[in-house]
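Just one chain is shown here, as structure tokens, and it is the form predicted alone.
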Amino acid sequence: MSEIFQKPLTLDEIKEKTDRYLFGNYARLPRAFYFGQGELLYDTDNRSYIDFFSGIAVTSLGHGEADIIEAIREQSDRIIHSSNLFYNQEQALLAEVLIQHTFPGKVFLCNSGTEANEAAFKLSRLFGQKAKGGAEKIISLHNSFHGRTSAGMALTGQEKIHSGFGNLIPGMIYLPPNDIAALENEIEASGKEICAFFLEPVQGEGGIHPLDTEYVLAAKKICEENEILFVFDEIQTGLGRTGKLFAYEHYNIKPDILTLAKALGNGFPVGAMIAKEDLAEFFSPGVHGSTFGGNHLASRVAYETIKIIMSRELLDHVVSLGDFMMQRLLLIKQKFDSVTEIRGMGLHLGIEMQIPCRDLVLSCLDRGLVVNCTSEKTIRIMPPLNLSLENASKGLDILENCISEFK
């Protein structure tokens, strides 16, 4: 085993190698984490931080989860990869448990959220071409985010994601969130040309904006009446983040297509697209695929992650702790004019500030709290689902103190 990984480099050494050898396409914060345990992260100077971010809603069981580590170790000893040219026990068992906890259908496994949305995009287009007279237009919402592939960018309703890439995939329609009239008008104008409607129940990268229940229910009904696939992007909200295993459960509906990733592997790269049974015919052999998608190791880790979430009463904990954190954040809002709004569901929370808040993120980091700024002015809080009340309170204390000094 390479000895170089047995002790941490200094932050300056890591920054020097990063700047020399890696593209500069990330605006990195001045820390490098070397170790994690539970809801705590430790940097290369062995300083601890309360993790209110979970690596962008990924490590939802925290760091160093013993059962996940054991699953990785045991599966790695047995077999890691054999390709999708062969049957795969771990993949079959993961697909089974996903269907058991969602709706009757079929599963496509991949490596990331943007790949899951890419698969949903292709499936939607195939449906439109073969079952709806060549329909290929897709509705998405302003302020949405669906990934960084060509289709993911095109689906995303943010100009900053489109900028600089020339002509994107045509056929996209961007509508304002929670505007039923705008949706009805678009359907009346071009409903026969539309094959799918992509939406996030909570717009995460767009600033933690939950969609109104009335809007989601109306949109679902409109899609059903016009043979438009209803696609729920739960890359960020899925696997317990909002207090339900999947956020669509809050609306008592079931989408036609569901996309997942992030928390599905608790840090191990894995994504999934789940589609209703009657859409399975459109993904015939050779139409779509993935070399690594759903390999033995990824599938085993995802399977164990779901089992842990469902066996430890974590969803009830998310609801109660989310209520506590929401109430505490509302009290903070009352104290400081710099806070304009508190939004979110469960442990998927956003704090809207009056001015850009990167400096606030840095201030929190200096005091031992990891949070994130998204959509320029929104502090995003997405801690592990098993965050303790003690560390939730400590983290909010740090956040409040930093907001009190924020100019």
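Remember, predicted model here, so these are calculated numbers, not experimental data. Note that residue numbering begins at 1 and tracks the sequence as displayed.
Another form exists, predicted in complex with a small molecule; not displayed. Remarks below refer to it.
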query: Contact check for 113, 233 and 236 against the small molecule in the predicted complex, heavy atom at 4.5 Å; finding: yes
query: Contact residue in the predicted complex, from 304, 90, 200, 256 (heavy atom within 4.5 Å of the small molecule); finding: 200
query: Contact residue in the predicted complex, chosen from 266, 124, 117, 242 - any heavy atom within 4.5 Å of the small molecule; finding: 117
query: Partner-facing stretch of 242 to 250, 218 to 226, 290 to 298, 139 to 147, counted where any non-hydrogen atom is within 4.5 angstroms of the small molecule in the predicted complex; finding: 139 to 147
